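Presented as C-alpha cells, the chain that follows is alone, the form predicted alone.
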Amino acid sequence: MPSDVLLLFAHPRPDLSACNVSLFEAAADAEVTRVDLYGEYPRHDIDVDREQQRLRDHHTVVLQFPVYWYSTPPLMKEWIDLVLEYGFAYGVGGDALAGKRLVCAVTTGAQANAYSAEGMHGHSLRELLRPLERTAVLCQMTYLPPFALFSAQRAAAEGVFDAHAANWRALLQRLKDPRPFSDAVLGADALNPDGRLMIEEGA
C-alpha cells in the first residue's frame, strides 16, 4: 500500500499570499509530493489521467488552499469535478481511492472565534467544509478534520506563524505514517484546536 503524501496546493494569487506560499515551500522539508495546481495548469487544462495516477500512487491527499467563500479556489473545485470521476472515485468500479485519507490544510481571513455557532460565520470551519468531507466519504476515503491557520494576514505580526509552520511539518510527517488516527482525532473540529496540533489520542 502506498504510504506517501500528495500535497495539492491552489492559490490563484500567490503574489498576494500571506502564508500559503510559505507553508507550501515549508512542506518540502517533509519530502512529500508537492503539486502547485495553478502553476501546472494556468489555463485550467487539467490532465485527468496524470492526476488520477498521482492519486493511485499516494495514500494520503492534502488539499492546501485559502478558504474562498466557504469553499476552495476555482481551480481546485475544477480539479475535484474532473479528476474524481464516476468509475474512478465513486460509483460502479469506482474504488481507486478506497481506504486512502483526505485532509484540508487551509487559511482563513477571519479569526478562529468567527467559526462557531455564536461567531460571524455561524458554524465551525469543519461544518462549512462539509462538502469536501462528503466527497471523501463518497470516495470511501477517511476524512481528517481541517488543519487551519486563522487570521492568516496577521499571523506573522501576531507571532503565531512559526508555531503553525512547525505544526504543519509535524503533521506532514505523521501523515506519511499509514497507521490510522484515533476516533478522538477524527471527530475533532480541527487538527489544531487552539493552535495545538492534535494528531494522537490524548495529545
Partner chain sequence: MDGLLGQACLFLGAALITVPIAKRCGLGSVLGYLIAGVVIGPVFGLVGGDVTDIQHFAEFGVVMMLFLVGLELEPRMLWEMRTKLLGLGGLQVVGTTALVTVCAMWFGQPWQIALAIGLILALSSTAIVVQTLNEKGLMQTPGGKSSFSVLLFQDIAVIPMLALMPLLALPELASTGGHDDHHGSTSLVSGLSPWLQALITAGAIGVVVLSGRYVVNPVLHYIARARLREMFTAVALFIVIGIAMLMSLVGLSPALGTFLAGVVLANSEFRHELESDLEPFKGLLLGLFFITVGAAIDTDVLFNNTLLVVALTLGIMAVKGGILALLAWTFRIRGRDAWLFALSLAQAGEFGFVLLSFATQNAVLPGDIGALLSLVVAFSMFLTPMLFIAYEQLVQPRFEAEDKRQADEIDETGTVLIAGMGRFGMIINRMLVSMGHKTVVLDHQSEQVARLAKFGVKTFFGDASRPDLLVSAGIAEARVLVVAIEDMERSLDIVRFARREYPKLHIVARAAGRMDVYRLYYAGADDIIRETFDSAVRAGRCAYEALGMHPYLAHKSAQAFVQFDRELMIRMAAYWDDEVAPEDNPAYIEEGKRQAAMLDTAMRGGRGSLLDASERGWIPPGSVPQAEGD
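Remember, predicted model here, so these are calculated numbers, not experimental data. Numbering follows the first chain given and starts at 1.
As for the form predicted together with its partner chain, it is not shown, yet the points below apply to it.
- Scanning 173, 153, 135, 142 against its partner chain in the predicted complex with a 4.5 Å heavy atom cut-off leaves one residue, 153.
- Although the partner is absent here, residue 74 lies within 4.5 Å of its partner chain in the predicted complex, judged by heavy atoms.
- For residue 161, no non-hydrogen atom is located within 4.5 Å of its partner chain in the predicted complex, even though that partner is not displayed.
- None of the heavy atoms of residue 50 is located within 4.5 Å of its partner chain in the predicted complex.
- Taking the partner from the other structure, its partner chain in the predicted complex has no heavy atom within 4.5 Å of any heavy atom of residue 184.
- Of the candidate stretches 26-34, 54-62, 165-173, 40-48, only 40-48 has residues with heavy atoms within 4.5 Å of its partner chain in the predicted complex.
- Residues are counted as partner-facing when one of their heavy atoms sits within 4.5 Å of its partner chain in the predicted complex; in 4-21 these are 12, 13, 14, 15, 16, in sequence order.
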